[in-house]
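Only one chain is given next, in C-alpha cells, and it is the form predicted on its own.
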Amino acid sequence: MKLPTDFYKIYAFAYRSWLLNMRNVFAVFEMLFWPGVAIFSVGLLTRFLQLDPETVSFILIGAVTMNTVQITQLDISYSLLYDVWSKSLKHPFIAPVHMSHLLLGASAVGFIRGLLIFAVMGFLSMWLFGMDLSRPGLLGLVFFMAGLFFNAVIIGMLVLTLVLRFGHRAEVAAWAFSYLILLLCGMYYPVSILPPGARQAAQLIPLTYFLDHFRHFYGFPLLSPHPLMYGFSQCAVYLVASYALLNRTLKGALKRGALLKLSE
C-alpha cells in the first residue's frame, strides 16, 4: 500500500528540520542548557524566598511553560528563518508543496523537542524542588501539553508571517513573541495583579486559560469558570486566522518577488 504524497512532503520538511537541529550544536545547546538554567535559577530563588510548596509549584509551572513554548515555536520559526539567513528562501517553494506541508513537518519536530523539554524540566522540578507533577493526572498533563503546543504553533505562524513580509528585520520576533505573550498571561504571577488594560489583553490569549486550569490543581482558584473551553476555542479561532493570514502573506510575497529578493 502506497502512502499518500502529502505524507512524504510533510515527512521531508520534518526530516529537514530534524537534521538542522541535530547538526547544529547551538540548537542542542539551547534545548538543554537554557531550560536547565531556568529551573535552577527560578527554583533557587523560591528557596531563598522560603515560599510554600504550592507557590513554588506555581512559579515552576511558569518556567516550564516558557521554555516548552519557546523551544516548540522556534522549530516552526526556523523552518523559514534558516532559509532567510542562507539566502535560499525561494527553494522550499519551487517544489509542488503547500505551506501546510512545511507547517506540519516543522510542528512535528517542534512537538518532539517541546515534549522532551517538558519532561526534562518536569523531572528536575520534582527531583530538586519537590514539585508534584502527579496532581493534575495524566489527562490534565495531556490537556496542558496540547494547550502549550497549539499556542506555540500560533506564535510560530505569526513569526513566519512577519518573516515573509519583512525578511531579516522580523527575525527578532522569533524570540520576542513568546516572552511578550508569557508576560501577559501570567508566567510567574496571576493575571489578576496586572493593570486593567493588560488584564483584558490576557483574556485574549489562550495560554492564560491553560495556565489557569493547570495551576488550580495546586490549590489556586480558577480565574475563569471554564478555562479549557475558552482556551481550546480561542486556539481554534487563532489557528485558522493565523494560517489564513500566513497564506495571504505568502501570496503577497510571491507577487512582490520577495522570495527572489531574499534568495541568491
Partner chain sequence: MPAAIEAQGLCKSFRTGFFKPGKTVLHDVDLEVPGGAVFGVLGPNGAGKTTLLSILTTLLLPDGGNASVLGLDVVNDAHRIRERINLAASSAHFLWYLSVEECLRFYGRLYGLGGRDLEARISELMETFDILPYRKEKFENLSTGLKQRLALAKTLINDPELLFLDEPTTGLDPVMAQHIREEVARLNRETGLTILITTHNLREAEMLCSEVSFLKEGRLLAHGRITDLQARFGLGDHVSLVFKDSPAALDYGRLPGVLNHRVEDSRVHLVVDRAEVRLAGIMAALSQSPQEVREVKLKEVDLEELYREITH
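Model, not experiment: these values are computed from the prediction. Positions refer to the first chain, counted from 1.
The following text describes the form predicted together with the partner chain, which does not appear among the structures shown.
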- Message: Ser134, Tyr218 and His226 - do all three of these have some heavy atom no more than 4.5 Å from the partner chain in the predicted bound form?
- Response: no
- Item | Close approach of Glu171 to the partner chain in the predicted bound form, 4.5 Å, heavy atom | no
- Message: I'd like to know if Phe93 sits close to the partner chain in the predicted bound form, meaning any non-hydrogen atom pair within 4.5 angstroms.
- Response: yes
- Mark Phe13 yes when one of its heavy atoms lies within 4.5 Å of a heavy atom of the partner chain in the predicted bound form, and no otherwise. yes
- Taking heavy atoms only, is Tyr189 within 4.5 angstroms of the partner chain in the predicted bound form? no
- Message: Using a 4.5 Å heavy atom cut-off, which of 119-127, 135-143, 103-111, 80-88 contacts the partner chain in the predicted bound form?
- Response: 80-88
- Of the residues Ala176, Val97, Leu183, Leu115, which one places a heavy atom within 4.5 Å of the partner chain in the predicted bound form? Val97
